[in-house]
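There is one chain below, alone, in C-alpha cells, taken in the form predicted on its own.
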Amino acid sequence: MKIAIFIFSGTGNTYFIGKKLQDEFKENNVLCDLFTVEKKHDDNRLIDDYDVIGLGYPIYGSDVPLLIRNWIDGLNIQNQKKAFVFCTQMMYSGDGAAYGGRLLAKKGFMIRQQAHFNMPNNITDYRILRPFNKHNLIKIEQKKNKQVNRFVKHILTDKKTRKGSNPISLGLGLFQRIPYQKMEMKWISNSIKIEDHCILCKKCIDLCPTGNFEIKDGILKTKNMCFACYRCINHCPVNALHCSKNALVKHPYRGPSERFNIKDVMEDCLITNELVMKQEDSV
C-alpha cells in the first residue's frame, strides 16, 4: 500500500499531525509521503501513483481553508479511490472533517475515515481566547500519539469511521460555517493590520502561503488575499501584525512542539515533492 497525505498547515498544528501519521504508517511498514498543497506541482499525477489519499487542514469557523478548497477544485475526477480526511481544531467544528470529505467525494473519492484533532490555540491577538501554554507540550504529544495510532489502525484495516457525519454535527457546522463564509469575503481577506514599528524584515513575505504581502515605497502593504492562517502574525519578530482591532500579540504561537520550525511546514514537504517529481520525470 502506498499512501500520500496532502496538507495545508498555517502555524504547524496540521503539519504536526501529518508527520505523526506519516511516522506511524512507516512503523507499520507502509510507504507514506507527505506533501504540502502550497507548492505548485502536478498533484493529479502524484495522486495516480498512490493507493490511498489523505487530506489534512486546519478548521476556520467550521470551514475548509480557501487554499484547500481551491486545491480540491483542481483535482481530476477519480474512480472511487480510497481517501481519509483529518482536520485540526481549537475546540469543536461540528462537521469539520466531514465537510472536506464531502468536497472530495464530489471528485469521486471514496471517503473511508474522518478524524478531528484538538490542538492548541494559535489565534494570539484575541484576549477572550485561552492562550497557549507551552508547558502542556508533552501532554499534548502523548495524547495525539494515541489518537494517531488509533486513526492509522482504522485506515490500515479499512474500518469506516467518519467523524462529523451525523446530522447534529452537520447542523452545528453549518451554524458556524455560513456566517464565516460571508465574513471571509467581506472582512477576513483584508483583515491584517500592520503597526508602524514593522522593521521590513520580509519574513511575512517569505512565509505567507498566498503572497499577500509586498513592500511599496518603503512600506509593508497587503494585497487583500489573507485567509487568516496566522502564520505571519505568530512569526513576526517584532509583533507588528495582527487581526484584532484592539490587541497586539503578546505571546505568539511558535508551534506545537519545542522541536518545531515554521519552515518545516513548507520545506520538509517540498523536498519530498521535488524528489517524487524528479523520479516521475526520469521515467
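Numbering starts at 1 and follows the sequence shown. Given the structure is predicted, the values throughout are model-derived calculations rather than measurements.
Below, we turn to the form predicted together with a small molecule, even though it does not appear here.
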item	value
The small molecule: the contacting residue among 198, 90, 137, 208 in the model of the complex [heavy atom, 4.5 Å]	90
Stretch in contact in the model of the complex with the small molecule, which is absent here, among 58 to 66, 45 to 53, 32 to 40, 215 to 223 (heavy atoms within 4.5 Å)	58 to 66
Proximity of residue 120 to the small molecule in the model of the complex, heavy atoms at 4.5 Å	yes
is_contact(residue 180, the small molecule) in the model of the complex, heavy atom dist at most 4.5 Å	yes
Partner contact for residue 176 in the model of the complex: the small molecule, 4.5 angstroms, heavy atom	yes
Proximity of residue 228 to the small molecule in the model of the complex, heavy atoms at 4.5 Å	yes
